[in-house]
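A single chain, nothing else alongside it, follows as structure tokens in the form predicted alone.
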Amino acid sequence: MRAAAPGSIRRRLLLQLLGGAAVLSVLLYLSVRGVSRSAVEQTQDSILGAATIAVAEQLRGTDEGVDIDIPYTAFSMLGAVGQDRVFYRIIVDGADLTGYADLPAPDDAPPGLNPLFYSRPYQQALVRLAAVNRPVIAGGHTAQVQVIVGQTRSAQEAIVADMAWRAAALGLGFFALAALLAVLTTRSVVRPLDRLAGALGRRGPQDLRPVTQPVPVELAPLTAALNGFIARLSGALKRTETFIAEAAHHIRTPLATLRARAEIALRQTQDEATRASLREVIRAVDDSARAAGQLLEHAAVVYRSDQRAEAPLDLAALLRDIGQSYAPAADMADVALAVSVPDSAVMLTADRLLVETALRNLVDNAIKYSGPDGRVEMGLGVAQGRATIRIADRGRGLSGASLADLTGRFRRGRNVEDVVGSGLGLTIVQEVARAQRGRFTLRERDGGGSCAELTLPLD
């Protein structure tokens, strides 16, 4: 038998969808953050490069050397981005002309007026720098002028951080939407299974029709397997019922024939030894017939417990019928049988065969173990929505045995070994009580004897 997979399909599907949504949300966050950082850096570099070129274009050569008038617009462009610090440095033929002399220069020479961008730590901050080269004719020769402009990155980081928060909010929003869709998708996928389970759960114990519930194509093999199992189960139950009925007939009939022939032989013979042997045969046949009958009764009760046909049942009328049917047996055993039931009907919904089998076993035991001049009382009471059937006698009692001991299969009390019995009567009663959602109790009576009570719900 294959072990069932742990967990549930609904939970596993939901977790897989949520896991996929979480991964996609993280990838979306990282992608948006990376793209936004790259876009901010490119925008910042473009502004920084434009400012550097604007400064370089203001260089003028004179007879005395290089003249520079730093334009205000260059720094205003950088100041428009944020509250960053701005640094500059102008180098003419390797000598500083103006600006911050310790501002880091690039490792490689800039390609003309195309800005060369690089980052360096400067004055306890990471500074983004742009450098350009421009030749200027001054003092009768061409001078190489290098312009370097730098800016701290706090505004850029602030923009990147803001974009990161926006990316995180976008990722969370995407995850929330994906989670909602995952829940809806999971419900949609599992709903056919729930409908199929509900359709099967609403069936009664005798409803073995094929499953006709519409299901998706993927569940068609499951319904086909269920229908095959139901068909096999229905066939097996029918064969079981047929076997029980045939077994009862084929076992009881030969035993009855054997007993009749033994009794005839007992009346015809005068030999005491032969008569004693025939009496033993009759007793053994009675024992076997009773055991076989109760085995078949027990099998029928187990079968009907799953396939019971519940219908309205009048307990008062049933007890009267059982009392009348056992009156001859009680008279033969010199036992007084008293039946006390309400005049009005006591109705409940139950399987008549199961309840009648249990009551017959209780009455049969009470008569059998009472002995001559005994008295068996059959009563019926109703209280708090439950009917209680009471069978009391003044017989041998329980001899200290518990209900669990006496309701076990083939178990009998220590004080009834001389009486024919199979040890299945009380087992049958217990099975019936369980099948009918009732309760069975058995106790000693004050003054001797026992009292059996079978309580059944009226609803």
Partner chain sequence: MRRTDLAAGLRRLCLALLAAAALARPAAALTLEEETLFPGTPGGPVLTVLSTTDTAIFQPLVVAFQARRPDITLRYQVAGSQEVFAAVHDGATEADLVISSAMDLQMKLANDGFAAPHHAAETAALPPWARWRDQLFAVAQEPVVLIVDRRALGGLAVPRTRAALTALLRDHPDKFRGRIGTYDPVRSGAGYLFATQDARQSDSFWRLAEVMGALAPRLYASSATMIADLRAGRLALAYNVLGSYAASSLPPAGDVQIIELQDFTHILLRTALIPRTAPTPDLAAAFLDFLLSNTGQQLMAQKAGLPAIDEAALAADQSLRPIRLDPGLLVYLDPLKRRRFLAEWSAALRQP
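Values in this document were obtained by computation on a predicted structure and should not be read as measured data. Numbering follows the first chain given and starts at 1.
This protein has a second form, the form predicted together with its partner chain, left out of what is shown; the following refers to that one.
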| property | result |
| --- | --- |
| Non-hydrogen atom contact F174 with its partner chain in the predicted bound form at 4.5 angstroms | no |
| Partner contact for F229 in the predicted bound form: its partner chain, 4.5 angstroms, heavy atom | no |
| 4.5 Å heavy atom contact, V32 to its partner chain in the predicted bound form | no |
| Proximity of Y88 to its partner chain in the predicted bound form, heavy atoms at 4.5 Å | yes |
| Position in contact with its partner chain when the complex is considered in the predicted bound form, options N114, T349, T142, Q123, heavy atoms within 4.5 Å | Q123 |
| In the predicted bound form, the residue from S119, S344, T212, S76 that sits within 4.5 Å of its partner chain by heavy atoms | S76 |
| Candidate site G374, G448 and C451: all three near its partner chain in the predicted bound form by heavy atom within 4.5 Å | no |
| Per-stretch contact check against its partner chain in the predicted bound form, the hit in 176 to 184, 134 to 142, 95 to 103, 213 to 221 (non-hydrogen atom, 4.5 angstroms) | 95 to 103 |
| Its partner chain in the predicted bound form - contacting residues of 63 to 77, heavy atom within 4.5 Å | D67, I68, D69, I70, P71, Y72, F75, S76 |
